[in-house]
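The chain below stands alone and is given as structure tokens, in the form predicted on its own.
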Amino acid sequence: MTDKKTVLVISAHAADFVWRCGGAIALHQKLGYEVTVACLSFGERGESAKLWKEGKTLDEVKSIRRKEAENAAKALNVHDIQCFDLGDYPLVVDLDAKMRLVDLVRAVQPNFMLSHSKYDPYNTDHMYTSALALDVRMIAQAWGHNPGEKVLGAPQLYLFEPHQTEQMGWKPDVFLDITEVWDQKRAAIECMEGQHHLWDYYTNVAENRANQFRRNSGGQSGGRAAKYAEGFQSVFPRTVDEL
């Protein structure tokens, strides 16, 4: 690992990083981390219904979604956003694109990574991206892959919250207080004009997770008065010196 603190987010579609970990991005940027977001697609086919109903062409939809993602990244103070433009519904990552993502992992050397839940029957692009995140993490750790490059250490992979948690087998074991950066996250949410129907939904999710943060940080006996939070599920055991 480098001395620089870094984070890598692997997002299937242009808006996923906003809804699901925008607060974590803004907060860690504020804490001195450099957060890189890899958007594998713009969600142009499957997550842009409003734009299609307006009669937009494919190129127009992609251009609009790119701009929305870039504006949201700016609102969150993202260090770097890279758009792979691989298409969606289905998202297909060939070997060249996978190796490009491995190169990014090695270049960033993240202290931790964020991506999707392992299972999502409503959107298989999401669970495909989760498997891909594990795959590129593994390859980036291999001494025999491009010998001479700095190999990856063992960053935690946090799975951010899917849309319908009960159907996904996703169980949060980490709650992050994002109250101090909520205004940034809400501003980023409002950049995603093609999915206006999700703005209040993900505001409600953040409020509900804050309730759970308060309960698990001490409850009525002195829990932190978080107003907005995000939940995550860790893939690997966490090594600690204190509980």
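Please read all numbers here as calculations on a predicted model, not as lab measurements. From 1 onward, residues are counted along the sequence shown.
We do not show the form predicted in complex with another copy of the chain, though everything after this point is about it.
Heavy atoms within 4.5 Å of another copy of the chain in the predicted bound form are found in one stretch of 181 to 189, 66 to 74, 34 to 42, 194 to 202, which is 194 to 202. None of the heavy atoms of E60 is located within 4.5 Å of another copy of the chain in the predicted bound form. At the 4.5 Å threshold, heavy atoms of D135 reach another copy of the chain in the predicted bound form. Residue contact check for L152: one or more of its heavy atoms lie within 4.5 Å of another copy of the chain in the predicted bound form. A residue is said to contact a partner when one of its heavy atoms sits within 4.5 Å of a partner heavy atom; Q82 fails this definition for another copy of the chain in the predicted bound form, lying far away. Residues are counted as partner-facing when one of their heavy atoms sits within 4.5 Å of another copy of the chain in the predicted bound form; in 73 to 101 these are Y89, P90, V92, L95, M99, in sequence order.
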